[in-house]
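Okay, here we've got a single chain as structure tokens, the form predicted alone, with questions on binding and movement later.
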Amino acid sequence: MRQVIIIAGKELRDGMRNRWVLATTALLAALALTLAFLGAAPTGTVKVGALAVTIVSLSSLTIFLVPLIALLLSYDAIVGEVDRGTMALLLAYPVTRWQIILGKFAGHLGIMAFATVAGYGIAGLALQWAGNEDRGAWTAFTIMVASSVLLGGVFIAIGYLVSTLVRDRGTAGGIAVGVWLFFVLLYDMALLGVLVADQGRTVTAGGLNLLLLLNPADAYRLLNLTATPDVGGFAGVAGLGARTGLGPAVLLGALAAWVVVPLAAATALFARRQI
């Protein structure tokens, strides 16, 4: 365990040195503050709390931004060090390959967690300071921030899997962009097309549930837009959440599985890779 902590600390220091932590935190904070104060402007008319509107807006932003940041952090975590020759040096120390994977993952997840909590937390505190108190929505806000970190962990794990599958950084970068496009944009477009064409003849409710869980972005969206009644009603997907029957525990379990399975596959592949 000591080796894992040491490697995680190295990744955190590298993130600080390369300004990854500062840049990611500043980006998330700037966008969150913009959505918090500009996006919540109509709340006085529609009688919805500012924090509930902010949660809906930030959830949509997170689906696009956090997976991209996570993939950029992780796509060359293995192949990049192999190309630079530093992986062979690292393996010369008394450390196993699974410890390298787990330590790097912990370090990158730490960067993602700090940036997300700090960036989104600034927006939440700013709304509180401005007098936009909505105590009922704070639970949903906490769930949104925690699940955003978990979503980042999903795509960090996928980035590690990509990094162990390929032999050069360019290929890893291209695949990472393709993964982002597939899960964030193309999957839902294809699913919508299938549902429209099927008209309920083949795709059952259980089949739809499975298809939604096969995309971590959809699991994240459903979790945050249906977890609490206030946010779900404003988001307009409360009915969908009720029909799917996918509760918060199932959705959180799906996101956790999306972390464990790619990370385990990356560990197994890296264990057999020739350096």
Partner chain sequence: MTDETVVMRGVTRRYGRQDAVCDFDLTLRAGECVGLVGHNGAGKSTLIKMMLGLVRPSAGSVRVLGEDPAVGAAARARRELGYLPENVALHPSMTGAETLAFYARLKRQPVTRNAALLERVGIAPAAHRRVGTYSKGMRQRLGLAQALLGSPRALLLDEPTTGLDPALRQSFYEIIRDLSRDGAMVLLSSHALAELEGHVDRVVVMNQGRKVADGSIAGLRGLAAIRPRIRLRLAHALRAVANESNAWAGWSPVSEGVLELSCEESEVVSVLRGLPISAQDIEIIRPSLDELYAAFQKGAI
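Positions refer to the first chain, counted from 1. Since this is a predicted model, take the numbers as computed values, not measurements.
Although it is not shown, the form predicted together with its partner chain is what the next lines describe.
When contacts are defined as a non-hydrogen atom within 4.5 Å, none of L192, T204 and D218 contacts its partner chain in the predicted bound form. Within this chain, D76 is remote from the site of its partner chain in the predicted bound form, having no heavy atom within 4.5 Å. Looking at I275, you'd find a heavy atom of it within 4.5 angstroms of its partner chain in the predicted bound form. At a distance threshold of 4.5 angstroms between non-hydrogen atoms, W129 is out of contact with its partner chain in the predicted bound form. In the predicted bound form, at least one heavy atom of A271 sits within 4.5 Å of its partner chain. Stretch 80-88 is the answer when you ask which of 80-88, 181-189, 117-125, 148-156 has residues with heavy atoms within 4.5 Å of its partner chain in the predicted bound form. Residues Y93, P94, V95, T96, R97 are the members of 93-123 with a non-hydrogen atom no more than 4.5 angstroms from its partner chain in the predicted bound form.
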